[in-house]
Each structure stands twice: as C-alpha cells, then as structure tokens.
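Heads up, the chain below is alone and in the form predicted alone; it's given as structure tokens.
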Amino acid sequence: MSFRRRLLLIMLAVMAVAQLVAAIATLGTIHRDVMQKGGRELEVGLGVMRQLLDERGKQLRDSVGILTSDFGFKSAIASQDQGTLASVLANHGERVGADMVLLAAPDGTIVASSHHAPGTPMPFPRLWRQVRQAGEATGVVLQDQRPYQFVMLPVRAPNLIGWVGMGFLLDTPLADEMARLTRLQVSFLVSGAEQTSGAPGDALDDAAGDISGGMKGYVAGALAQVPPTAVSALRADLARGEYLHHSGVDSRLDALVLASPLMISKSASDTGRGQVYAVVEHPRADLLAVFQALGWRLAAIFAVTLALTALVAAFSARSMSRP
C-alpha cells in the first residue's frame, strides 16, 4: 500500500473515530435528558391526578352533606322506614352520580345500602376507624374488587342517629378524563384483592379485568387495553415497590411508568383488603421521537462531514506525499 493511501486512511479513521465518540456522547446525554424530562412529566401528572381526586372528594362530601342536613331524611331515619330510606338514598345517589350508597346505624350496622344487606356490619373497617376518630372520612375502599372513592358523614338530629356514605367508582371514563387533562396514559389498578360476593348485577366486567394468580383483578384506563400478562407483571413489580418512588421503563408496556398507592390494606380483619394504585405512563416511542429525529440529523451531519474530510484528506495526502 502506498504512503499516500496509508496517510489518507489514517486521517479518515481519526476523523471518523472523533465524530463517532462525539455523536455517542451527545446522543447519550440527550437520551438521559429526555428520560429525566419524561419522569418529571409523570411526577407532575401524578400530582395533578391526586389534586383532581381530592377535588372530587370535596364535591362528593358536599353532596353527602346536603343529604345529611335534609329534614325529611332525618325524619325517615328516626321513623326507621326502610322503604323511604332506601328510596331517598337511591334517588340522591342517582342525582349526584354516586355508584354506591349506604346508611349505617350509630354502631356501624348497615340499615340500607346499594351493595350490602341490612343488618350486616360496616364493610370498611379501615374507613370506619377513621370515621369514629375524626367524625368523618374520605378515602378509597374496595367493594367486590372494585375501587371506590368513598365519603362518610354523620347524621345528627341533634344527636348522632346514623352515618351516610357515598362512593364513586374509579373507572375508565374517569381515567380517560384525567388522561386528557394530564396528556398522559392514566390507569387504576387493583392488586391483591380477594374475591367477595357483591350485589346482584355488580359482577366484574370481563373487559375490565385480567387473570392474575388465578383470580380476576380490576383494571381501568389505558392498562385495560394491554395484554393481561403485562398487567400481571406490573402488579408483581408494584408489589416489590418498583415505580412507586421513581419512574422506570417497563419493557412489556414499552413505556415510562410511575405509580402511586391510593389504598393499601393488608389487615386480615379487613374484608376489602388489597392495594389500589394510580398508574401514569408515557409511551417510550413518544418520548424518543425527538431523540430519534436528532439521531438521524447527527447521522446526516456525520456523513457530510466525513465526505468533506475525505476530499480534504485526499488533497492533503497528495501534497504531503511528494518528495
């Protein structure tokens, strides 16, 4: 091989290696920045979700407060008219869009309910403890493996004569509404819940559940459209504490994922024990769209620069190789 050719190859190799190292370092930095930005967007979206749920809880509390202050309702409780109580509960619940309503005696025994038989004890021990300590309660409960945002307030006339509770189902329409506000994929996921018998017509929707550990698990929102195996794997990851404190890439979902527990109950005395999570996702393809476009631009710049370098190197090698 002639001296001129060796010199040309050395110059091209040095330039190619230099540009390749610079391109790899630049793309690596951009990739980290893109993923960090996506993680921050998930944190903000999850915060917005919690604020929306809090506002929704306040609205539900105001609706329940209207019922507890109604004189006719108090009179029906005092008269123990089961038919009137059930009718008033159903009508008010339908008017405010509640998915579950109940009336309990001062000791917590169910008097009337859309999901529970009269005479049974309070079905939500954790919320019941909070009610007795604070006088009212707002939180997420599980009924028949389904998560409800639930509010319970006292009924006084003027002494305590009962407790009224109402709940909204955390379902796909709510998740879709939050997704439009946050511009992220939003889901509600139940894990570790036990199968219980519910009211007639309250069976789980086959399209809203997946098989996990031999039992159906409730899932609403974007995750309802992914394969059941991916949802089951996500449940296992959440049980190990992944995606709860910082975002991470789930290869099965091909997305950046962050989750927050809305309810965790592992007490053996709690009939509604299980975990309810709010999950937000950012598809990796959307996150890396800018990264990939920039990669192609860098590749084009690399090719043009290498071609110009080859011309300059050829001219330089020709002049430098002369005696």
Partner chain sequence: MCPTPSHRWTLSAPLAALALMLLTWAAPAASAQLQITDAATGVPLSEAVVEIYAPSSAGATRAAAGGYQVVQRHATFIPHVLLIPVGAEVSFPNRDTTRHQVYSFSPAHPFSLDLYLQETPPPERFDHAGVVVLGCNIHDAMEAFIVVSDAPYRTLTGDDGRAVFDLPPGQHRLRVWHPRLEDTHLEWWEGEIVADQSREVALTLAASLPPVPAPSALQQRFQRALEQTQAN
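Residue numbers count along the first chain shown, from 1. Remember, it's a predicted structure, so these values are computed and weren't measured experimentally.
Beyond what is shown, the protein has a form predicted together with its partner chain; the following relates to that form.
Position in contact with its partner chain when the complex is considered in the model of the complex, options Tyr243, Tyr218, Phe150, Trp163, heavy atoms within 4.5 Å: Selected residue: Trp163.
Of Ser69, Gln292, Thr29, Gln51, the one that lies within 4.5 Å of its partner chain in the model of the complex (heavy atoms): When its partner chain is considered in the model of the complex, the option within 4.5 Å is Ser69.
Asn91 within 4.5 Å of its partner chain in the model of the complex, heavy atoms: Outside the cut-off, so no.
Heavy atom of Pro158 within 4.5 Å of its partner chain in the model of the complex: Contact with its partner chain, yes.
Ala78, heavy atom within 4.5 angstroms of its partner chain in the model of the complex: Heavy-atom contact with its partner chain at 4.5 Å: present for Ala78.
Heavy atom of Gly97 within 4.5 Å of its partner chain in the model of the complex: Residue-level check for Gly97: no, no contact with its partner chain.
Candidate stretches 175 to 183, 233 to 241, 139 to 147, 70 to 78, one within 4.5 Å of its partner chain in the model of the complex by heavy atom: Contact criterion met by 70 to 78 only.
Heavy atom within 4.5 Å of its partner chain in the model of the complex - qualifying residues of 2 to 20: Result: empty, none.
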